[in-house]
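We give structure tokens for two forms of one protein chain below, kept apart as structure 1 and structure 2.
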Structure 1
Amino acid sequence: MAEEAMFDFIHMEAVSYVFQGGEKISEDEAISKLEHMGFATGYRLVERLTRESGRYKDELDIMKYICKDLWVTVYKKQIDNLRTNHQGVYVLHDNRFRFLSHMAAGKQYLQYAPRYLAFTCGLVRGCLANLGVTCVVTAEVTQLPACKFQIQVQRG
């Protein structure tokens, strides 16, 4: 329980530091910084977590790993729903995303949600990059604290 609180506080401080730190940067640059921090973390984390496991047989197995094992390790719950069009687009639904649950329900804080999702977008992208899947990860929030992470696999 204590490590969960520490992770939440570190994440909130990282967001606060990037957005209100000493250097003046745009919203997009700040979000990009958080996404990069998440990418580096995810790349290293998945290396440790999958050290003992065998190779995944296909892309869908990798996505299932992200939704179950990785999400439980990082966020202490599984993804609520995984959808795919079987053409390289995956949508992960989290009905009570940990980093948004501290915000009031409703739409008044919706504009700040991307700040709290950027790290996780990078984390997922970093994990997938280390597992051999090149992709773009975006997040969408329509009602707090639920969110969707869309993964667009880059083929070619």
Structure 2
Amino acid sequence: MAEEAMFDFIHMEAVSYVFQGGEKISEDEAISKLEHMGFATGYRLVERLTRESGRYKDELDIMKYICKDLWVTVYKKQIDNLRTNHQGVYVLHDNRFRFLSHMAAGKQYLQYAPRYLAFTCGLVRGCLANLGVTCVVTAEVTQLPACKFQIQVQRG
């Protein structure tokens, strides 16, 4: 149980550390740094986590693995909804995202929410990259603590 709190606190600190540059660092640069941290983490993490779960041949199987196993391992819950247009775009709905659930419920702090999603976007992108899927991951929040992650697979 203790490691859940650890992860929350380290993530909070990472976000505030990256943003502490003040005027010298722009919002985009800082978010980009967090995303890159998530990417490197996800790349190595998935090598370790897929030890027991075997290999996946299908892109949809890989997405389901992300929604179920990966989310349970990292955030202790599953993704609530997965939608796809079967043409390379997947949307993951999380109705109670762990990092946002401690902040507010509703529209307060909406402008700061992207900072707390950047690491997760990178994490998903890194995991998919090591599993063979090149993609772009973006996040969208309309009302805390629910959020949507959109995965766009680069093909061709």
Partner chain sequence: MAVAGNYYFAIVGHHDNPMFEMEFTPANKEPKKEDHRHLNQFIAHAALDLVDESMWTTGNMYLRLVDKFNEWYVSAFVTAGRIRLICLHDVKNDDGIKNFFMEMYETYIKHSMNPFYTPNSPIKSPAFEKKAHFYGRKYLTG
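Predicted model only: the values in this text are computed from it and were never measured. Residue numbering: structure 1 sequence, from 1. Here the rigid core means the biggest group of C-alpha atoms that line up within 1.5 Å when the two forms are laid on top of each other.
Matching each structure to its source, the form predicted together with its partner chain turns out to be structure 2. Core-superposed comparison between structure 1 and structure 2: the CA of D28 stays below a 2 Å shift.
Positional change of D58 between structure 1 and structure 2 stays under 2 Å at the C-alpha, relative to the superposed core.
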